[in-house]
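Let's start with one chain on its own, the form predicted on its own, as structure tokens.
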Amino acid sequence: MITARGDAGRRLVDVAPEYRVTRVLEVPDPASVSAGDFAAVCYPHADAAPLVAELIDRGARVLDVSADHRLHDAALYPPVYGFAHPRPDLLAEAVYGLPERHREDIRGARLVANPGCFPEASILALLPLAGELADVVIDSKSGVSGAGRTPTATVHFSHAADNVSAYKVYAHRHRPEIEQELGVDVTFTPHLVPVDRGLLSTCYARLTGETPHIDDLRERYRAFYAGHPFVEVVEEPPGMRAVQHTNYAQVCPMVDPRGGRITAFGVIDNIGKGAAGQAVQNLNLMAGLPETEGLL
């Protein structure tokens, strides 16, 4: 079953013709869900939490694509997302849906919280160095589809085309998510760039220990991501085009030749690995299917 609110009654192919799926979108009905079913909830933040709770209480296993279960600390929701979380007990059991970090926990979870797109690219870029990071600065650039479907002046063609702009400086909602998973404070600045889809994070950091040689750093990344089917370690800074319309991420670690600092790049498709593709990957794991099932 595929449901929708605003587009209920339409065929998916008429909403998103590139996927060629002719199934009719139905009105959401939690009563149709039974114990043992799987559900993916793609509501806006604050709207998702009550529905997720109802589905969990009905015995479903739920993947929440919204931000409503990504943060473990319920006290963060009022200042970061503007609402008091109705079910802190579910926050305590929700598994952060990054297979490269939590694969085995995802397999058995009742509730998995799909990562945000900016955190996904940034965390993957730095994850092999978690526990040794200091002085982290992340500069991220995303295409306009990352802003969602609701039209705003910021994503209007006349504003976004031929323009690059920073937004929500020191105030973006994804910063606590990155800090939670990396275990370190970060300075995070997102930028809007005039492309349809794609997200690039450039991450600067110092290490608490000795800075490795570039060859050793690359080998460390390759060893860390061995067995993770959708992360590719590359030797040149990647561009968005390398991963658009796929569930792949590319990461590239580099060492400042002057010493003392590393730069790590992470690139994803913000709709693929940064949203729907990652959701399918997580659902595959939850259902005991091959992790790569149905994904490019």
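Everything numeric in this text was worked out from a predicted model, so none of it was measured. All residue numbers refer to positions in the sequence shown, first residue = 1.
We do not show the form predicted in complex with another copy of the chain, though everything after this point is about it.
- None of 42, 33, 233, 255 but one reaches within 4.5 angstroms of another copy of the chain in the predicted bound form through a heavy atom, and that residue is 255.
- Within 4.5 Å of any heavy atom of another copy of the chain in the predicted bound form lies no heavy atom of residue 85.
- When contacts are judged by a 4.5 Å heavy atom cut-off, residue 156 counts as touching another copy of the chain in the predicted bound form.
- Taking the partner from the other structure, another copy of the chain in the predicted bound form has a heavy atom within 4.5 Å of a heavy atom of residue 238.
- The closest heavy atom approach of residue 138 to another copy of the chain in the predicted bound form falls within 4.5 Å.
- This chain is displayed without another copy of the chain, yet in the predicted bound form the stretch 238-246 from 24-32, 238-246, 48-56, 65-73 comes within 4.5 Å of it by heavy atoms.
- For the partner-free chain shown, 179, 185, 186, 187, 189, 191, 193, 194, 195, 196, 200, 202, 204, 206 of 178-213 come within 4.5 angstroms of another copy of the chain in the predicted bound form, judged by any non-hydrogen atom.
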